[in-house]
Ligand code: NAP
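Consider the single chain below, provided in structure tokens and representing the form predicted alone.
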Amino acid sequence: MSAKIIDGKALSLSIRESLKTEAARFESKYGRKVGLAVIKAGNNPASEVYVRNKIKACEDVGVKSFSYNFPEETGEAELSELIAALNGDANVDGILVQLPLPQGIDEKKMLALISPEKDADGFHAVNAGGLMLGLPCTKPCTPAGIIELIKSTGERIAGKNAVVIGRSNIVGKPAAMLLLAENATVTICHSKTADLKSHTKNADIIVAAVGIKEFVKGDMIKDGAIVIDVGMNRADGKLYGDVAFDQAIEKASYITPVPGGVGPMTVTMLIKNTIESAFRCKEN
């Protein structure tokens, strides 16, 4: 068996075409573009790349981006003041604080300052609680993208055994909640799980988001499983996923590559969240 590659870049571009239509519809109806504010502080090289990708995605779709760059020595007071101003700015529909922030800044505190209605990343406690309770909310971008990637295979999620490896608030936990909402039977595992293989070998769907290079080996994967690799691990000048791709491709039915799998979908879901927030604010 050789798995089919789930092309996240192609799926992302397809979804962006529909987002262009929605962004244009908003502009035509309300006389301004949907607006996303992106805040970056510090000199993290990866953050520079992520922010550029997000701004370019905005331009491609027809969303206006407002970019704010702060130096490494920025304090909480400056960021708090900007977030408060953006919360009250009628031209801004979504706010994103690019993580990580410089040392000494409380990331949770900064994220909590963002209005839940403008929380483009879906990280605010109000949105996290809504996800847990099954209420309407802004969904975290990467988990939402994961669901779209799985659905793109044409395989049913309902009734399947899904194993999520990773328990972060950004990916692992919300991915599990979204899979539950699709009626999968979900097991959350992590790097400390005893006999992890016994769980993964029973999984029809594996979401690997543990942050360890090639943590999931081929012999841990059930024949025909769908494998979603969220990992972005740099080593020896290369980028590796959390899954040993060359082994997994011989066992899985579908698999996402790294790069080109989950990453493009995360950015697209960010734009989708922002457009949906813009319409929600105007229509509610």
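For every residue, the number given is its place in the sequence shown, counted from 1. Remember, it's a predicted structure, so these values are computed and weren't measured experimentally.
Same protein, other form: the form predicted together with the named molecule, not shown, and the subject of what follows.
Scan K201, R167, K109, K151 and let me know which has any heavy atom within 4.5 Å of the named molecule in the model of the complex. Contact with the named molecule in the model of the complex is made by R167 alone.
Residue among F26, Y254, F245, F215 with a heavy atom within 4.5 Å of the named molecule in the model of the complex: None of the other options qualify; the answer is F215.
Among 131-139, 168-176, 74-82, 153-161, which stretch sits within 4.5 Å of the named molecule in the model of the complex, heavy atoms only? Among the listed stretches, the partner-contacting one is 168-176.
Contact with the named molecule in the model of the complex for A209, defined as at least one heavy atom pair within 4.5 Å: yes or no? A209 belongs to the contact set for the named molecule.
Is G231 part of the interface with the named molecule in the model of the complex - any heavy atom within 4.5 Å? So G231 counts as contacting the named molecule.
Could you confirm whether K197 comes within 4.5 Å of the named molecule in the model of the complex, counting heavy atoms only? Result no; K197 lies far from the named molecule in the model of the complex.
Quick one: is I275 in contact with the named molecule in the model of the complex, heavy atoms, 4.5 Å cut-off? I275: no contact with the named molecule in the model of the complex.
Between 243-273 and the named molecule in the model of the complex, list the residues on our side with a heavy atom within 4.5 Å. Heavy-atom contacts to the named molecule in the model of the complex: V262, G263, T266.
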